[in-house]
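Shown next as structure tokens: one chain only, the form predicted alone.
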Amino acid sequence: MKQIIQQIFRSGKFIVGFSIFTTILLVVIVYPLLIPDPPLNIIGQGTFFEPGIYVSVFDSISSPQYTLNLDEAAAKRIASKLGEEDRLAIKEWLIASGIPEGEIEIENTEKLLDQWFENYDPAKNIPGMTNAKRNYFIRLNKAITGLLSDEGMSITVKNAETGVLEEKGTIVPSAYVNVNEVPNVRVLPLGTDNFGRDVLTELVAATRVSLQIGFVAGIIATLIGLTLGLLSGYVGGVVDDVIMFITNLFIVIPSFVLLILISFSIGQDQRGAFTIAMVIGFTSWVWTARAVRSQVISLRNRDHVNLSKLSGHSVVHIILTDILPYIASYVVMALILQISSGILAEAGLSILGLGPRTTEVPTLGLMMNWAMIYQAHILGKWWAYFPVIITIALITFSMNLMNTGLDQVFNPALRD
């Protein structure tokens, strides 16, 4: 056993796959200990917040302020409020209102804004302008009003007795706060999803649940396939005919179609993660059974098996002690592939809306389903679906690498 383990860990492919898979497992285990937030907890009152560091505006006002004279600060402030698209829109309005195009310089921010504020009139009727475009210019005017001003913004508080607003302070453009001194700061490395939930926390929990589904489904499928394959291959005769007849029935109907039909018949309320895992397991054993059967047929007439028969050992004893150890490596590789297939099957079911209950626990497939329903891929909200795709790819890639590494160790034809 020690020598076999040493051979396994000499395989470069196995080590790479094992390292990736172990890293994913460690993240899944450690992250909830550091951040014990519920994965389906809604923290954002809105949809698809971009990844970044979010600071409480209310708390930042009361935090210690520091004066920093940064030359690029004004340029960044202007760029955030007046992008290239807005500059072209301003030019379009000015030309439509009668300003010669040669007098408009969109790169000269100060001159462009002066021309805008001198000429813009929301009540002015410009031929061919739609109502939506008119509303856009109204919003743009509000956004850029006072953009070049160096004056501070007043902080006022309503007097509880008189109801009059009283000035409590002024915030100037050069005032900064240290983010470490703001009481409430939340880091969202992957932003929020369509429900306003932390995508990273949700992704870690979904990975854990999908792995659980994959392991349960893989174990069930491997046990069923192994049991039927051993019996069919060793006993033969009527037993082999009956098992192969059942196996061929499952082969005729594509397993994923059968999986869809069973999941649909169960109903949303009864579809928990464990239930889905069992359904996947009970529909994925066919190829394992056929492969094990072919292995057993090649072993059942070997000398050590015939010697065990002559010694009077039972069928169960012969299968467990004289046949199973010789195909154990193949069974382990089949289990790895079944786990990977189980994770992919759950993802496919959930994308179709036939996965586990959406209000109970997240899975990788459910996250993809939510992103598709709320058109994250169309709106360009990559953080809602791309990390899920990467996670599924890493899990399946690592398991296939481990399987390939084990195949190189145990298959004499592939050894160097």
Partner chain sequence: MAVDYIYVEVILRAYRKYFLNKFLWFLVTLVSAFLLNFILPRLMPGDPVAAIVSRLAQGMSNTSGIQAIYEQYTELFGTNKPLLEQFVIYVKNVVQGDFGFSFSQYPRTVADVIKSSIWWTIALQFPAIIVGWLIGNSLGALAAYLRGSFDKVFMPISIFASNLPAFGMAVILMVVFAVTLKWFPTSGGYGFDLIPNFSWKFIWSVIVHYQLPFWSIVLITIGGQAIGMRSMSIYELNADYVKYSRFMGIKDRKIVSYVFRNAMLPQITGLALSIGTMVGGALVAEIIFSYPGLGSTILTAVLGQDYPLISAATLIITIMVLSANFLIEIVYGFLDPRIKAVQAD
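Residue numbers count along the first chain shown, from 1. This structure is a prediction, so every number in the text was calculated from the model and none was measured.
What follows is about the form predicted together with its partner chain, which we do not show.
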query: Distance check, R300 to its partner chain in the predicted bound form, heavy atom within 4.5 Å; finding: no
query: N184, heavy atom within 4.5 angstroms of its partner chain in the predicted bound form; finding: no
query: Contact test in the predicted bound form: F386 vs its partner chain, heavy atoms, 4.5 Å; finding: yes
query: Contact label in the predicted bound form: N403 to its partner chain, heavy atom within 4.5 Å; finding: no
query: Which of 128 to 136, 232 to 240, 190 to 198, 250 to 258 lines the interface with its partner chain in the predicted bound form (heavy atom within 4.5 Å); finding: 250 to 258
query: Proximity to its partner chain in the predicted bound form, single hit among I262, V332, L148, L320 (heavy atom within 4.5 Å); finding: I262
query: Listed residue (I43, L40, V55, M372) with a non-hydrogen atom within 4.5 angstroms of its partner chain in the predicted bound form; finding: M372
query: Full three-residue contact with its partner chain in the predicted bound form, heavy atom 4.5 Å, for I351, I378 and T396; finding: yes
query: In the predicted bound form: members of 282 to 303 within 4.5 Å of its partner chain, any heavy atom; finding: W287, R290
